[in-house]
Every structure is written in structure tokens, then in C-alpha cells.
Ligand code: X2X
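Take a look at this single chain in C-alpha cells; it is the form predicted on its own.
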């Protein structure tokens, strides 16, 4: 009888503790989670965050509410600090750029290797295959929980001076580049004068003529009306593509129930698929409607022939070789193999 009473007592204590555990878990949920983005809606990048946040709220019946912070406003607009802020818990979650996070995670420079990915099939072969899984494992070790891939797109070069058809056309040209050293190396190899600056600083510099050109995905050209800041020439060369990554801070992730973790993960995967379709719209259809829209702004659009593109490939090969060891020779070899084996 004593044993039965003792057992019942222990069960009662366990139930009580279990109750506290459930209550503690419920209390651990924040009223609102902060999601960092460089660009807000209606850009594809911003739509990635909006779709993810909406799906999570709907599927968790409001248990997880997410507020978007575009312009990396949680860290005063400094894109290169975003990954560190994620690890530290200043940011709860993000849809981030492989370029912006590459100073902290060197393997992410893979996607900035010049002319590694000749088309969207090559991008998919990397992000959706073993290479993508290996990079996610690296990100996990680096202190965040990666969930899904999105896309900022192929980065094309624009300028105010002339059509760019050969590496010689870039010689002496002042080009705004993002704050990752490989971009300075690439444009220096092409004879240009690369200048690292934030986009907020780049716009007036382009408008005044202090900077001649820049490189970005083409959706930004139309959204930001870059022809109004002197960008009269566009060359599509597809030298790098910038995948986006949906991630959550590790402490935030561990505070959610396994069921809610599964919901957030699936919502990220679904949002990623939708966002990639948005990012590629107008660029994968016959005739590439986006290029026609840009030409309609009075802009000269140059599409390189395979031979013309190959001249840029050769000119930037020393940069490719230099960065191979930084990224990881084995990882680069796996990426090259995946690209070569892709289904076009």
C-alpha cells in the first residue's frame, strides 16, 4: 500500500512538472518574431519573407507571428553583419543572401565563383542536390538553422557609358560592387575600378556620375528604375547567381515544439519554391519579357554570344583559381561535377 501511495505521489509530481514544462514552453513563445530582409516586398526577396511569414501564421493558428524588417534595419542597414546578428539572437530569423553571409561562412563564396553556373539548371543542381545539403550542414555548424533555398537571381552588369561586349569595355570603368572581396577581385581582373558601397550610397553615386556602373539582378533594374540614375546599358552575362537562404536562430528554433518546427520548415520550403518562380519570371519564358521591358525604357540591352561570354570566363579564371581553396577545393569539385551532370 505504501508503495502504491509513493508511486501515485511520484506520478502526481511528474504530472505537475510536466504541466510546468508545457507552460514554460508556451511562455517561451514570443509575441512576435523579427525577420531580417535586405529588400522588402514587392521585390522577390521581400516576397520570400512575406509568403513565409503568412504561411507560418496561418499554419500555426497564430502561435508564431513574424514581423518583417526590410533594409536590414535591425542592424542599421549593414548587410554584412546580418549573419553574426542571427547567431547572437539580435535577429530571430532571416531570408539572407549567400553573398552577404560569405565573410562569415567562406563556403558560401561558392555561388560567387565567376561563371560557375551557366544557367538556372546549374543553380538548381547545386542548391537542390548534395552540394546544397553540405552547405546547409556547414551553416548549421556555424550557428543557425537553415531550412530552405530561395533566389535573388543572376547578377547582370549595367553602366552609363557604353555597351559591354568584351573585357576591354570594362577597363577603367568605376563599378559599384557588394562588400565581398571576390567581387573586387573579379572586376579588377577585368580592368575595372571596383568600389564597395551600400546600395543607399550607390544610388546617388550613380545619379551624379561618380560611379559608372553596378551589378545586380534584373528585377532591381525595373523596380528601382535604374535608367533614371544613368544606367543606359545592360549586359546579360550571368557571371554569378545569388541564392537566398531561409534560416532561424538556434535558440528560437529550440523554443518551438517539434510540431511547430515542422510547420515552419515546410512553410519555408513552400515559400522558397514560390519565390524562385517569382524571381525567374520574365527571364525563363521565350523572348525574356523582362529584357523587352528594360529596352522599352530606352536602355540598350546586350546579350552576349557564347564566344563573347567565354572571353570573360578566361579573363576571370585567375580569380576562380585563387578562390577555389578559400571556398574549399573539394566543395568546388563537387559543384563542378554537379553542374556538368545537370539536366538542361
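Numbering follows the first chain given and starts at 1. Because the structure is predicted, anything quoted here is derived from the model rather than measured.
Same protein, other form: the form predicted in complex with this ligand, not shown, and the subject of what follows.
The three marked residues, 236, 309 and 339, fail to reach this ligand in the model of the complex, with no heavy atom of any inside 4.5 Å. Although the partner is absent from this view, residue 227 stays clear of this ligand in the model of the complex, with no non-hydrogen atom inside 4.5 angstroms. Under a 4.5 angstroms non-hydrogen atom cutoff, this ligand in the model of the complex has residue 99 among its neighbouring residues. In the model of the complex, this ligand lies within 4.5 Å of some heavy atom of residue 155. Taking the partner from the other structure, this ligand in the model of the complex has a heavy atom within 4.5 Å of a heavy atom of residue 45.
Between 103-111, 83-91, 174-182, 263-271, the stretch whose residues reach within 4.5 angstroms of this ligand in the model of the complex through a non-hydrogen atom is 174-182.
For the residues 255, 216, 160, 195, the 4.5 Å heavy atom test against this ligand in the model of the complex is passed only by 216.
This chain lacks the partner; the member of 38, 294, 56, 276 within 4.5 angstroms of this ligand in the model of the complex by a non-hydrogen atom is 38. Residues are counted as partner-facing when one of their heavy atoms sits within 4.5 Å of this ligand in the model of the complex; in 182-199 only 199 qualifies.
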